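Below, in structure tokens: the form predicted on its own, a single chain.
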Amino acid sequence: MRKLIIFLLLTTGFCIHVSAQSEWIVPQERKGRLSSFEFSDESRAKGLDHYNKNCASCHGQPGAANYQNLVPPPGDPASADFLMNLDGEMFYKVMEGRDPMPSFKSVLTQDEIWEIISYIRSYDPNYVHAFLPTAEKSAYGGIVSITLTHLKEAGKIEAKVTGVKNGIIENIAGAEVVLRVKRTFGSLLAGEPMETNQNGIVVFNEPSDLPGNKDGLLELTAQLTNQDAYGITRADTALAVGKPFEAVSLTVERAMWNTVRKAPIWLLITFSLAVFLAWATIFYILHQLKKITDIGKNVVEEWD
């Protein structure tokens, strides 16, 4: 009896734990957030591209229910439970993340997140889109820009953030900057986000451990994470700061994944031998069956 009670208590505790994990609480003031642009065919097409690069590996393809078996489950973006979320709730969850889902606020711009939501909403036939005018994008009230400088001798990359407001140029201190490196699928953080100093400057180490092209060239993007305050502010550059790397075609040499003509010799021999032995075994069995049949016929003739 005592074991049964302990089992029931553990089961109840586990269920409560799983239930708590599955409940994702979004702050009330964030639920009503709206996009800064109207959803369109163009935003949905961009959202599909962002989704495939950043979301599909866990959530699967919308409508297919082929999401990963995680705790809590990622869910199907085309499901009724998923689409019940308000736009602001979706935006908050993508921005902030929770275990095992990462935060994407340092990976995607706010507009890119809204484009993903635009794509997901295409699966909701009852959805009516509401958005804020573009004037609401930035609270700074001026033009913000980032200037990237390669400090080659020091092995550093400097990002300087300046703003122009009412005709006055000023350095912006305390702005969080993130440096990202373009990869085949999405982008990769090049170090932790850092805040600018009093001169509006933040310095990153070169991502020298990352492979670039044959000349070590990497495509870099510096971006402000607080887009509510400064809008979508970014700067792009290409610097030869990575490891030189020249991709070799996977079909040049003999390999397991290649065509028959380029398959490894040992694999061709093993396969051919296996096929020969299989057919030899079949013919041997057929031959033995024929012998048994002949013996049976001879026995019947002797009895007659």
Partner chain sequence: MAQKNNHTTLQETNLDNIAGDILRPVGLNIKFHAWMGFLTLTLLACLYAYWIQFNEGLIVTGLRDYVSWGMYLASFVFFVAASLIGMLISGVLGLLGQDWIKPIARIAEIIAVAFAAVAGLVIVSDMGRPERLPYVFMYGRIQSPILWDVTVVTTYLVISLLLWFIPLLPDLAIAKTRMHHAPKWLSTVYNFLSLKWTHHPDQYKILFRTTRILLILVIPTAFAIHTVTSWLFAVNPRAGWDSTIFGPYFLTGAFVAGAAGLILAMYFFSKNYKLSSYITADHFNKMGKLLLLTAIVYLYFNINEFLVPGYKLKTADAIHLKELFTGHYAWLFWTVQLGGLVIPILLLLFKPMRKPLPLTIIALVVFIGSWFKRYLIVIPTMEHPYLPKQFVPAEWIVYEPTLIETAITIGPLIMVLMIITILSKLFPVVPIWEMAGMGEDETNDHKKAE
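Numbering follows the first chain given and starts at 1. A quick note: this is a predicted structure, and the numbers were derived from the prediction, not measured.
Separately, the form predicted together with the partner chain exists; it is not shown, and the next lines address it.
The contact with the partner chain in the predicted complex, taken as any heavy atom within 4.5 Å, belongs to 259 out of 61, 237, 40, 259. In the predicted complex, no heavy atom of residue 65 sits within 4.5 Å of the partner chain.
The closest heavy atom approach of residue 273 to the partner chain in the predicted complex falls outside 4.5 Å.
The partner chain is not drawn, but in the predicted complex it has a heavy atom within 4.5 Å of residue 284. Among heavy atoms of residue 26, none comes within 4.5 Å of the partner chain in the predicted complex.
In the predicted complex, 260, 262, 263, 264, 267, 268, 271 are the residues of 260-274 with at least one heavy atom within 4.5 Å of the partner chain, listed from first to last.
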